[in-house]
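Starting off, we have a lone chain in the form predicted on its own, written out as structure tokens.
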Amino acid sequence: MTLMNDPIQIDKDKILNRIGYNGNSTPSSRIDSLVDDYIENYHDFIAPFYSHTVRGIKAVNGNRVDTGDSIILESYKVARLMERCEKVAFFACTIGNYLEDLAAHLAEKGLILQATVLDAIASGTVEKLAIWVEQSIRKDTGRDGFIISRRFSPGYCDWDVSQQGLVFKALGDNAAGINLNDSMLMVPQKSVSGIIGIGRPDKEIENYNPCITCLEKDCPGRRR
């Protein structure tokens, strides 16, 4: 696993949106000041680690993607992407458990507002980290003339969260210090894992978006 040393920049408007403020509402000066203070100081309480590995795609049959070593991804939508790809990157990243533990502690003390803001910042930070990892993989593969797809994580679309174990099996001992519980959920919780397809530019994998044909219009993970 690798420690990310680049600073992670947080979008304040997105943090406010996460705690319920949007273009139709304005936070009080107290809440605005609290968010500013937490954004200014949260960097001292994160440990952004990431890991990834790239495997060749041996075969795609129906809903199954075989990457070897008994790592077989089962999802119709993932398979439709991977049949256009030559390789797949497995990745995992986390900001550690300090912020989520601190937010839980604040909630136990009845400081719900502070806990909510801190949790929103933690969620926004790990999402920014995942974007950074994606960009890093894009840069690495681009040197060899490849392009990458969007990220896909277990639990999204028709890819069952039970397949989380296969992502971690592919990563082996290099899983950014993240563990899985019996429900295949990650510990620390502020972590992101998944896959990214790697292929040639003529396959247009970067534009593959299963949400276009999906009928679940209210899905919170829907991509435009």
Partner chain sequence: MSSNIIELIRENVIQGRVTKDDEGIEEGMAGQPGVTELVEEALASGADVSEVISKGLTASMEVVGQKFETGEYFIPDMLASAEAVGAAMEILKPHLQKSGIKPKGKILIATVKGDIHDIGKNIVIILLRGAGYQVKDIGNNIEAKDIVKAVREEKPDYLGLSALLTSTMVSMEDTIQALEESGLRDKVKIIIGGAPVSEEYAREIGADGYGADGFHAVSVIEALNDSE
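Residue numbers count along the first chain shown, from 1. Just so it is clear, the model here is predicted, and its values are computed rather than measured. In this text, rigid core is short for the largest set of C-alphas that superpose within 1.5 Å between two forms.
One more form of this protein exists, namely the form predicted together with the partner chain; it is left out here, but the text below deals with it.
Although the partner is absent from this view, A107 contacts the partner chain in the model of the complex, with a non-hydrogen atom inside 4.5 angstroms.
Although the partner is absent from this view, A115 contacts the partner chain in the model of the complex, with a non-hydrogen atom inside 4.5 angstroms.
Within this chain, Q9 is remote from the site of the partner chain in the model of the complex, having no heavy atom within 4.5 Å. Of the heavy atoms in S29, some are within 4.5 Å of the partner chain in the model of the complex. Each of S25, D119 and Q189 places at least one heavy atom within 4.5 Å of the partner chain in the model of the complex.
Only one segment in the set 30-38, 58-66, 165-173, 192-200 has any non-hydrogen atom within 4.5 angstroms of the partner chain in the model of the complex, and it is 30-38. Residues of 49-77 include none with a non-hydrogen atom no more than 4.5 angstroms from the partner chain in the model of the complex. The rigid-core alignment places the CA of Q9 less than 2 Å apart between the shown form and the other one.
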